[in-house]
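One chain comes next, on its own, written out as structure tokens in the form predicted alone.
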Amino acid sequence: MYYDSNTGLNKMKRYYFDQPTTDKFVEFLMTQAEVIAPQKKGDASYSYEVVTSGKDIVYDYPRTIQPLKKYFLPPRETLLSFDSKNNEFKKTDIALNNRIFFAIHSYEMQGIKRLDYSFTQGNPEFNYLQRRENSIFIGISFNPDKWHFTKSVGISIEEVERFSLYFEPVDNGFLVFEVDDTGKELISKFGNGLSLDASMDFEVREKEFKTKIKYHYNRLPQVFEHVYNSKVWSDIAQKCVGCGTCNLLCPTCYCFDVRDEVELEISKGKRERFWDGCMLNEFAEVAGGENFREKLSSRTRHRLHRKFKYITDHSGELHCVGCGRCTKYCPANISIVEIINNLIEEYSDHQKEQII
């Protein structure tokens, strides 16, 4: 019997849900709040969408295309409308709906945790934090594919932090673990004569990751202290097309641009913000046409330093969660793990030379 020491699943109350019970539980959740869960999109992709039928939920999926952040930081939103003629403006109201995010992977939850950190530092980001209110998260285990590397950044598959319930697939159903008081309350309300199946033997088998970073994640900030001038950056730039997909699909990237769109009559308009990213050519461009990161090599360097060094120095956590989206959806087949491992090799060789 295997237990991941980071989860403590063996210490939590657990229930057995067969598939019919799971379907009834989803129906129950839909009476409590708006339910959002992974669903099929096209032939081979998945997306977090509002659940209208429990039959649409996919429990065994690798990852969604867009991260969960789209529900808290929308790809495009109107911040306010204005009327310059009357010198008036009105902020856009933020809906405060109760929402339950169901069948969420651990790296996705950890991505939200890192966004929480980013948006509570300095001047708290009102719109994001408003949308974070009244949100419940229910986790589920997953089988890593060739793009996942969550373990290499310190996030286990069974990491239950910030979940209220956690689903572990077993034969013909799930073991459901109570993680916090909210989860306990949901189980209690669901009821239906459920009894705690404390005697049921279960095994959480360690799942093998096909993709791994060569160093322990605690050493990565140290590596990034010494690779600012690495040739790896220019090597990657030879392949990169600067599309920004890696930024826009990253669970922890949060940069945005703000623009005023004026109507034809000129006096009225709206202020919008939309996702932006440091890999896009105009991101670091300022008035006069000066671009502080004009080269793809410097933009790649900046992106990875943000994940493994700059924010980590303040938060104490890596801001890459190992979901693998940036690699899987990169049109140039650039692997973030390969970049890091190449940097590690260069750093290791340099350290050996220093000793000699």
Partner chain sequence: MENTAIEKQDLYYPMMSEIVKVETLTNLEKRFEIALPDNQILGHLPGQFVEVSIFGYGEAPISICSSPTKMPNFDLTVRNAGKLTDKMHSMKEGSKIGIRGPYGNGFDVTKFEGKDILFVCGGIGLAPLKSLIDYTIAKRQKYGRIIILYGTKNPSEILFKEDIKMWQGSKEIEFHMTVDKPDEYWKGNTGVITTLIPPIDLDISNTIATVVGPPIMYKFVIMSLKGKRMPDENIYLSLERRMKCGVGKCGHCQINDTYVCQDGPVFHYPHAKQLEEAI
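Residue numbers count along the first chain shown, from 1. This one's a predicted model, so the numbers in the text were calculated from it and none came from an experiment.
Not pictured, yet referred to below: the form predicted together with its partner chain.
Undergrad: Where does its partner chain sit in the predicted complex: which of 167-175, 121-129, 205-213, 182-190, heavy atoms within 4.5 Å?
TA: Every other range fails; the passing one is 121-129.
Undergrad: Of the options Lys113, Arg271, His226, Arg219, which one has a non-hydrogen atom that comes within 4.5 Å of its partner chain in the predicted complex?
TA: Filtering the options by heavy-atom distance leaves Arg271.
Undergrad: In the predicted complex, do Phe17, Asp23 and Glu133 all reach within 4.5 Å of its partner chain through at least one heavy atom apiece?
TA: Looking in the predicted complex, the three residues Phe17, Asp23 and Glu133 all stay beyond 4.5 Å of its partner chain (heavy atoms).
Undergrad: Can you tell me whether Asn97 touches its partner chain? I mean in the predicted complex, with a 4.5 angstroms heavy atom cut-off.
TA: Looking in the predicted complex, residue contacts with its partner chain do not include Asn97, since no heavy atom lies within 4.5 Å.
Undergrad: Within 4.5 Å, heavy atoms only: does Asp60 come near its partner chain in the predicted complex?
TA: No.
Undergrad: Does its partner chain come within 4.5 Å of any heavy atom of Lys91 in the predicted complex?
TA: Lys91: contacts its partner chain in the predicted complex.
Undergrad: Check whether Phe283 has any heavy atom within 4.5 Å of a heavy atom of its partner chain in the predicted complex, and answer yes or no.
TA: Close contact exists here: in the predicted complex, Phe283 approaches its partner chain to within 4.5 Å, heavy atoms only.
Undergrad: Determine the residues of 239-264 with a heavy atom within 4.5 Å of its partner chain in the predicted complex and present them in sequence order; the list may be empty.
TA: Counting only heavy atoms within 4.5 Å of its partner chain in the predicted complex, the contacting residues of 239-264 are Tyr254, Cys255, Phe256, Asp257, Val258, Asp260, Val262.
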